[in-house]
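Given next, in structure tokens, is a single chain: the form predicted on its own.
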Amino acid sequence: MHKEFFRTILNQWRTIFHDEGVILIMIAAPIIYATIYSLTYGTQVLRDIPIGVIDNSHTHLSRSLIEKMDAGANIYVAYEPCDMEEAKRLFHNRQIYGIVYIPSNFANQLLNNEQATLSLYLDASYMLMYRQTFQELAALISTQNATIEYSNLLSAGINPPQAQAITTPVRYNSHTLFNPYLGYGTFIMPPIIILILQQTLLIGAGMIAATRHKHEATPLQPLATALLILGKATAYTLIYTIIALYLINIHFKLFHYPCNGTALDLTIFLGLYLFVCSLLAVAISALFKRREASLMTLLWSSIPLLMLSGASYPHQSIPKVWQLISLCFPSTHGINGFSKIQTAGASISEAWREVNSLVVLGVVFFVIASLQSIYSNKKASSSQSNNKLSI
């Protein structure tokens, strides 16, 4: 029986490497998509966001504040509108993404030790843009407050160390783990790559199955059926393991994505994940009677699966029904487990929940594929018998 197993693997490889469409989907597409997405998110962090500042104070203090805003790492003062109407026009034309309003009594209030107020109007329709702008302005204003208070304390005769302790009573050391530059590409690309591996595998397997539907199936014994399913899944897994190793060892390093997991843990986890995806591919491939059907059916599901995985939105905040539905797909467990191992540096034992879930899904997909294969072969045998009787 082992000969049948290896023959199935070789036949599957022969089919893949003699089909240009399948080669494009299963081998070229994962690398091409990963490269395109990585280049798109290559800047990692939004920089040079334009804002407008309305300066009604026209004093040294207000000009100093504007200069500090313009020198920020993420924002710059693109315009200084004369009034709010002009600022609104620039804002609605997307020439600026934030407005800072400095009132006419700004400097007088500060000089009289009164509390001054700045008005910030920020575009929250684009969350990343809003976050960068707000954080930059909030940090700048906080620093400005501490500087003014420090100067006032020195003027009151307090020595510098005491003034420093009063203005900054608590200092903190921040350690940003796993994504030190807060890059969007570093955050989103590992989940996207894991999803790309699943989706292209499913589409390619559907194309192969649709091509073979024109050949009549032959009755199989249960053991032969199991070997056939395992052989197909192994053939897909071996090809995709090579692609995955390329992405981790070369692609991730080219684009400076975190590589904190050990090679052994990653290989074991990805091997399991890809094998379960392959079993799913074998189980659902019989649904596609035409080659293009798998592409049209599965392509649209990529974005919903990414959202359900918890990669782009916290999984615990997703409605319970959709949380349960998401557990039926290997990508959910694959993305979470891969993020733990590759990004956070966890061991395979620390990702045991994802590993157990993948094992359970693998068994379920294997049973479904076996039942589907037995049903298809019984149907084919019945059809052959009817044809003989009619003759």
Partner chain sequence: MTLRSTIYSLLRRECNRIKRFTPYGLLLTVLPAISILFFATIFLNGIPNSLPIALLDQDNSTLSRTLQQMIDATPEVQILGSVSDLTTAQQLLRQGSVDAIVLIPPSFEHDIYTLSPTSVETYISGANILKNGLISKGLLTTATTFNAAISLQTLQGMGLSPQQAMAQVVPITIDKHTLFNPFTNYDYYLSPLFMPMMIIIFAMLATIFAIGSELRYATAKQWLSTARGSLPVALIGKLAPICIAMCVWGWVAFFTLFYIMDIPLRGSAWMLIVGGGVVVMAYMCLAICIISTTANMRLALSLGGGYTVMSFSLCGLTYPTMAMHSSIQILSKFFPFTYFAELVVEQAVRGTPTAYSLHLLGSMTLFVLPALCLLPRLRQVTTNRTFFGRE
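Numbering follows the first chain given and starts at 1. A quick note: this is a predicted structure, and the numbers were derived from the prediction, not measured. Only the largest set of C-alpha atoms that superpose within 1.5 Å between the two forms is called the rigid core.
Not on display, but discussed next: the form predicted together with its partner chain.
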| query | finding |
| --- | --- |
| Heavy atom distance at most 4.5 Å to its partner chain in the predicted complex, all of Asn145, Val170 and Leu308 | yes |
| Sole residue of Ala346, Leu361, Ile66, Ile27 within 4.5 Å of its partner chain in the predicted complex, by heavy atom | Ala346 |
| Contact label in the predicted complex: Tyr313 to its partner chain, heavy atom within 4.5 Å | yes |
| Interface membership of Leu223, its partner chain in the predicted complex, 4.5 Å heavy atom rule | no |
| Close approach of Arg353 to its partner chain in the predicted complex, 4.5 Å, heavy atom | yes |
| Partner proximity in the predicted complex: Thr43 to its partner chain, non-hydrogen atom cutoff 4.5 Å | yes |
| Region of this chain that lies against its partner chain in the predicted complex, out of 246 to 254, 171 to 179, 271 to 279, 229 to 237 [heavy atom, 4.5 Å] | 171 to 179 |
| Sequence-ordered list of residues in 106 to 124 near its partner chain in the predicted complex, where near means a heavy atom within 4.5 Å | Phe106, Leu110, Asn113, Glu114, Gln115, Ala116, Thr117, Leu118, Ser119, Leu120, Tyr121, Leu122, Asp123, Ala124 |
| Core fit, then Trp300 C-alpha moves 2 Å or more between this form and the one not shown | no |
